[in-house]
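We begin with a single chain expressed as structure tokens, specifically the form predicted on its own.
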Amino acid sequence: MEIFGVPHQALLGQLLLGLVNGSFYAMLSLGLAVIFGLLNIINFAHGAMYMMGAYAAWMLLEYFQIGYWWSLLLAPLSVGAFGILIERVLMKWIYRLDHLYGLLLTFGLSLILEGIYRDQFGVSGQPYQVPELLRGATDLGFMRLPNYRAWVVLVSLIVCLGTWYVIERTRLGANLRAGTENPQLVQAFGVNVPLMVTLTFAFGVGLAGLAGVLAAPLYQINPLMGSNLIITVFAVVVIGGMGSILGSIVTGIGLGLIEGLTKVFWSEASSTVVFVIMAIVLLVRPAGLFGREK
């Protein structure tokens, strides 16, 4: 059976691949949106945090024989703890400065981290096995769905929608948003704003660490895996609207699917289609699809 002249299995396979890539785009851009929307920091080191999450999972297995399931918890926590250190030592000094200072600081930090990991582990990449419980594929009749890819999509959706709900629909989220707009007033009500800011940054980079653990069995773990992805993720954030939680989720998954379809019908354009869409969106709606016009 063919759809628009393309075998349906090839089309569905690329759509699945696009959905998986879109899940990573959504989770990474969500972390960026949380940090920018609540802290006003453009975190260019986000790709390095994603890489650190993948390496944390690999090191837990290689040196401590701690498997995938515990790594889903421990690796994001370790990346989040590193985020706390970074926020307390570096970030707190630039919150009231122009966005450019945060961009330059985090860009330099990403280069330092990539250099350290490259010096320690090389650039050839480290393999990480799919956990035994998620090996194999499920026959859906019209295609075979790899179990691990389905797991990645499921976890990404749960994490992204859960984060959106907490920030947009709970008292904690209201405190977070209010603390960024008027920290003195919120602190007068007994809320520890500096601690809240620190934990928000840790949560944002922890999301990148979790995405790294999910990516470890799918891709070769190497020091450049984050830098190869972060430019596309920034494009996703810009298209969705800087700081928009829902925009990051919807745009990330949507652009992943568009990228997958482009590989079927015009493979040469698949690496640039996201940036073409970004240019069009910026011309029509500079604040992004879900951003608020100032």
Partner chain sequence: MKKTLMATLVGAAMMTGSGTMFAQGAGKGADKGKAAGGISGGVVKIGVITDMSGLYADLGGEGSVTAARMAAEEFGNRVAGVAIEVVGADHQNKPDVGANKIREWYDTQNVDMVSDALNSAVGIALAKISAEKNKLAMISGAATSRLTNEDCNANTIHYGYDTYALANISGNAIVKAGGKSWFFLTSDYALGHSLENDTGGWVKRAGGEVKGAVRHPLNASDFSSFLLQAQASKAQVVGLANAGGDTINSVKAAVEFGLTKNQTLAGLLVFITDIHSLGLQNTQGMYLTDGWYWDLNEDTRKFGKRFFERMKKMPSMIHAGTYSATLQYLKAVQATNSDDPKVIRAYLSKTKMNDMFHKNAWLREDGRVIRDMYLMQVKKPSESKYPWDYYHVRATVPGEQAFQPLAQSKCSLIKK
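Keep in mind the model is a prediction, meaning the values are calculated, not measured. Numbering follows the first chain given and starts at 1.
One more form of this protein should be noted, the form predicted in complex with the partner chain, which is absent from this view; the next part is about it.
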According to a 4.5 angstroms non-hydrogen atom cut-off, is Leu111 in contact with the partner chain in the predicted bound form? yes
Taking any heavy atom pair closer than or equal to 4.5 Å as contact, tell me whether Arg169 reaches the partner chain in the predicted bound form. no
May I ask you to state whether Gly122 is within 4.5 Å of the partner chain in the predicted bound form, using heavy atom distances? yes
Is there a heavy atom of Glu268 no more than 4.5 Å from a heavy atom of the partner chain in the predicted bound form? yes
Among 93-101, 71-79, 205-213, 156-164, which stretch has residues whose heavy atoms lie within 4.5 Å of the partner chain in the predicted bound form? 93-101
At a 4.5 angstroms cut-off on non-hydrogen atoms, which residues of 192-212 are near the partner chain in the predicted bound form? List them in order. none
